[in-house]
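Okay, here we've got a single chain as structure tokens, the form predicted on its own, with questions on binding and movement later.
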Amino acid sequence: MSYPVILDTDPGVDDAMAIALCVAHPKIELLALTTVFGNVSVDQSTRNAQYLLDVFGATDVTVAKGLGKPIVQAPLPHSESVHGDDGLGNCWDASRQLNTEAKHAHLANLPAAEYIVQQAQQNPGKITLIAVGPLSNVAKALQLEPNLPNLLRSLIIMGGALDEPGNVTPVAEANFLNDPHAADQVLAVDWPATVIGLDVTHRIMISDTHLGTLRDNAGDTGRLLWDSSRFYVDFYVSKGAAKESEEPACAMHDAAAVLFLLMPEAFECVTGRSRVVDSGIAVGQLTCDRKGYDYALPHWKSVTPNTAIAVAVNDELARGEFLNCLITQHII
């Protein structure tokens, strides 16, 4: 069985890991990368998407450029301090930067949201949309096609934090904070949707030993993931996210969303009516009614869909699948 996938992304070091997994895994048919602002500007994320597909040998995969700002709130600063000025750990190889001779030149003639709708309409019930950046494109696609939840096989979202502290505020994860209105609009309707947030992505750490193994055994893909991760790992170490007593490491946030598609049995989820706070001191916070109470406020009474939210993971199983796939399937 293969899974046709559209990956909505803002590359991003951990996005590069997710893209590499989508390209390499024999069970995934990567249809397109749709790009969005977030870790970097949408112009840079689009260039990065093309560059990564070039390096990973997937030049036939479509790239569709998406939204460059949130649907309501003012844009927040990009995450160059985490991902580097170029979004890929400042590792762009000057000899391979995208130009008129780049191998990848297949840009869609539709904006990302329209492209998602078109593909869903043409392939009803078949496509999994994996969104690993701010949910602006997904919310726009839903606006264009309110029946989108019924046209997709499933929606997997990397974002949010339920019981885990946030990584950009005490309660918010970066993707949801970057466009909380979009995240709330997406969760407020009835999807076959799963949220893969910090509760599990902070458990799936990839160490320098693992990354070194990829560098030495996974061809151009492994070498790029090693090079791009140097800046990212340093950030994690500087913030104490990788403890001094442990080997330097970083989280595989976005790859975790792809791994859920491939091995849902490695994850434990709770379900409940879910929303995202779109303003105030708790802006970006993921909230979930796990009790099913009859709450007093009307906006909770009107929420009917149950969203699955991952709260635990077999990190060794998930990380092992990632490493094994890239090493055994890489293109030399």
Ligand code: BDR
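Throughout, we count residues from 1 along the sequence that is shown. From a predicted model like this one, the values you see are computed outputs, not experimental measurements.
We do not show the form predicted in complex with beta-D-ribofuranose, though everything after this point is about it.
With the partner omitted here, the residue from L88, A182, V132, I116 that has a non-hydrogen atom within 4.5 angstroms of beta-D-ribofuranose in the model of the complex is V132. Residue-level contacts in the model of the complex: of L198, V233, L214, L259, one residue has a heavy atom within 4.5 Å of beta-D-ribofuranose, and it is L198.
With the partner left out here, beta-D-ribofuranose still marks one of 143 to 151, 187 to 195, 220 to 228, 166 to 174 in the model of the complex; by a 4.5 Å heavy atom cut-off that stretch is 166 to 174. In the model of the complex, beta-D-ribofuranose lies within 4.5 Å of some heavy atom of N39. Residue contact check for V138: none of its heavy atoms lie within 4.5 Å of beta-D-ribofuranose in the model of the complex. Taking a 4.5 Å heavy atom cutoff to beta-D-ribofuranose in the model of the complex, the contacting residues in 246 to 279 are H253, D254.
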